[in-house]
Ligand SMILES: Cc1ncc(COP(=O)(O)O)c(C=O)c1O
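The chain below stands alone, shown as structure tokens; this is the form predicted on its own.
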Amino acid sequence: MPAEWWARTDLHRDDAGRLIFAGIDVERLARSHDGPLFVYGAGRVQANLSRLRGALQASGCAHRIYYAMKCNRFPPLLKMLAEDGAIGLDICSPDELDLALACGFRAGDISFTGTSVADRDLDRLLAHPDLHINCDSLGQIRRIGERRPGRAIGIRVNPGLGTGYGDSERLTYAGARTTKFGIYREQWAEALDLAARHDLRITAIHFHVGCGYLSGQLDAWDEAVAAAATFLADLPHVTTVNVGGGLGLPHRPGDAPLDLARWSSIIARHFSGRGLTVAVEPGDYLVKDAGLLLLSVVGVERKRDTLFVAVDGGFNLHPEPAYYDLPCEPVACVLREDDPAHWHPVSVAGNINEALDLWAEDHPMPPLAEGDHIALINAGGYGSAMSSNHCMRGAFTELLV
């Protein structure tokens, strides 16, 4: 078998070249369902969670994990995490709150961080006294104070520094370009004054500076953490510092996994010994590589100098590659040719009438035929949750295995 960069214990080919995920023959699973299929591996989610817990324990800090629900809100997945008993949820809308409660989470285990929050949203959130709310703007602080004086809140700060996968500006939430997220340093005095005016108790600070960062971005993340930590000097009663999410994973050949030991050491250097609980909000890190999107090949046809492999699902099912250039690499579910020298560069095209509906271009793949299936790896996060019914082709099935 060829050495494929994404292969691991729970995602690999057997001796016959068939793709195996979570102990299941992927091609047979795809054939048992009509249409696009998202499949998530519970074991991989648990392994990712265990690895992250180990890194947090190594930091020497008290810690709490809040799974970022916007990444994947499939109810069986949420119920599995709720049954763990030690995981909270990070949410960003009232409807997410309702689903979280329905899946077994308590309000006290949920942390809300949202932007452009309407009064109707605040009223629904504030109906739950135990829900933690991180305020993203001066207006949120004021309006919460007017409605619930004396309440405990967190404040999302913007340190003016950030990073993301491949140093992408689109994946950097705090940096040279002014963003909508959080309270900047020049607003800080006014934020503290508003909180004091309404007797609001600031028990946490929160910052989230980018998405998908890997080891090459840890120096930049370290600088952002240091800048965010300076806000603590004015908050002697804060008990929690939430470092957000954004922990990345490999998307392309050559990407190395995030160095969790170094990530943990950064947390330890800035927060160990300060009596704080460090919260983290992983989404992708827990579920992205725990998911595949399985699609059927509906045509293989050369047009001019390009060999197109047409599949029965488009970018509307998983918009993140088109929005953020975070690819989901297509992989043949059955390897008909195991010598990569005999593979051909193809463009994998979806079924949406838009020019950007290409899963991959000039991508080497083994021979494929109508009726075969491909798996898009790294489809467990920001796929189904971001999907749309564009062209009325939004139907899919989800499974947790």
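Everything numeric in this text was worked out from a predicted model, so none of it was measured. Numbers for residues come from their place in the sequence shown, where the first is 1.
Here the subject shifts to the form predicted in complex with this ligand, a form of this protein not shown in this document.
Looking at 78-86, 222-230, 327-335, 279-287, which one sits within 4.5 Å of this ligand in the model of the complex if you count heavy atoms only? Every other range fails; the passing one is 279-287.
Among 251, 143, 270, 156, which has any heavy atom within 4.5 Å of this ligand in the model of the complex? Residue within 4.5 Å of the partner: 156.
Ok, 194, 211, 117, 238: which has a heavy atom sitting within 4.5 Å of this ligand in the model of the complex? Checked against the cut-off, the match is 211.
Mark residue 132 yes when one of its heavy atoms lies within 4.5 Å of a heavy atom of this ligand in the model of the complex, and no otherwise. Residue 132: no, not in contact with this ligand in the model of the complex.
is_contact(residue 162, this ligand) in the model of the complex, heavy atom dist at most 4.5 Å: Close contact is absent here: in the model of the complex, residue 162 is far from this ligand, nothing within 4.5 Å, heavy atoms only.
Contact test in the model of the complex: residue 53 vs this ligand, heavy atoms, 4.5 Å: Because no heavy atom of residue 53 falls inside 4.5 Å of this ligand in the model of the complex, the answer is no.
Can residue 315 be called a contact residue for this ligand in the model of the complex at 4.5 Å between heavy atoms? Residue 315: no contact with this ligand in the model of the complex.
Hey, which residues along 223-247 are within 4.5 angstroms of this ligand in the model of the complex, non-hydrogen atoms only? 245, 246, 247 sit within 4.5 Å of the partner.
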